[in-house]
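Only one chain comes next, encoded as structure tokens, the form predicted alone.
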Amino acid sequence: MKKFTKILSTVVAAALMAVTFTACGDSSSTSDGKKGSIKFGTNAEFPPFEFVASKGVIGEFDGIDMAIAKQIAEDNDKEAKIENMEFDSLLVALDNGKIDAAIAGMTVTDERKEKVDFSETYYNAKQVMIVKESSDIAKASDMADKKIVVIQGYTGETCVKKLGYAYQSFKKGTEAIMELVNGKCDVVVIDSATADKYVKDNEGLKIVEDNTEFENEEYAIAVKKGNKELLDQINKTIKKMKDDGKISELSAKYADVTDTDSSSESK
């Protein structure tokens, strides 16, 4: 009986040890042999960085950021999964563990750095104004008596708020642009790369810049505070993609993409 008990104790101890190693290890595969995953949160209303398409690089999601997310996952022998949500919800989702990382053309700011850890930056942008070609807006101060539209939670909203101007916010870039196209507002303030895309896709619009009011910004990927392991993995891929010119290639590739799914406007 004692011998049986000793054998049983040895088996149980070995089993517990195996469970411990499995739980603590950063294995790229699950117990059933399937690949592990990295769940990225995004706001797929921000072409050319993220948008819904008939066929995307990750399911229905396409764009510069989606290609970067896919590469990060592949470099770590994992699968990239996408959680599409409102931009304002991304940092909350990071904090409560709903997503592992947020990649959404997110500008690095001191306020956001208090809540999350940022990767190395991978893109430089700035805020611009989209107006109708007949508009007399030539600089930011010309917006003072105009009807201004921004996208909720985007840097453009912060910039307009700092200027002290009244504005209306929308949750989707497409909604904001339609306000302008339909003559219901005078100007939309938004990131430069996305502005380029909207102006190409909608006749009669132009971009107005004001470098004295709108400074350069940097995009990066956000992870939960203290998640150094994932942050290191992300930084390794970003550095590689910057060094080999891949991010520049993606920027050129997606600058002219028009195969966005129009149904995304109603999502």
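Being a predicted model, the structure only gives us computed values, none of them experimental. In case it trips you up, residue 1 is the first one in the sequence shown, and so on.
FYI, the form predicted in complex with a small molecule isn't displayed, but the following is about it.
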Does the small molecule come within 4.5 Å of any heavy atom of Phe61 in the model of the complex? no
Though only this chain appears here, would Ala104 touch the small molecule in the model of the complex if you measure heavy atom gaps against 4.5 Å? yes
Quick one: does Asp210 come within 4.5 Å of the small molecule in the model of the complex, counting heavy atoms only? no
Can you tell me if Tyr123 lies within 4.5 angstroms of the small molecule in the model of the complex, counting non-hydrogen atoms only? no
Looking at Lys132, Arg112, Lys172, Lys78 here, can you tell me which has any non-hydrogen atom within 4.5 angstroms of the small molecule in the model of the complex? Arg112
Please identify, from 146-154, 160-168, 91-99, 67-75, the stretch that has a heavy atom within 4.5 Å of the small molecule in the model of the complex. 146-154
Counting only non-hydrogen atoms and a 4.5 Å threshold, tell me whether Phe51, Asp196 and Tyr254 all contact the small molecule in the model of the complex. no
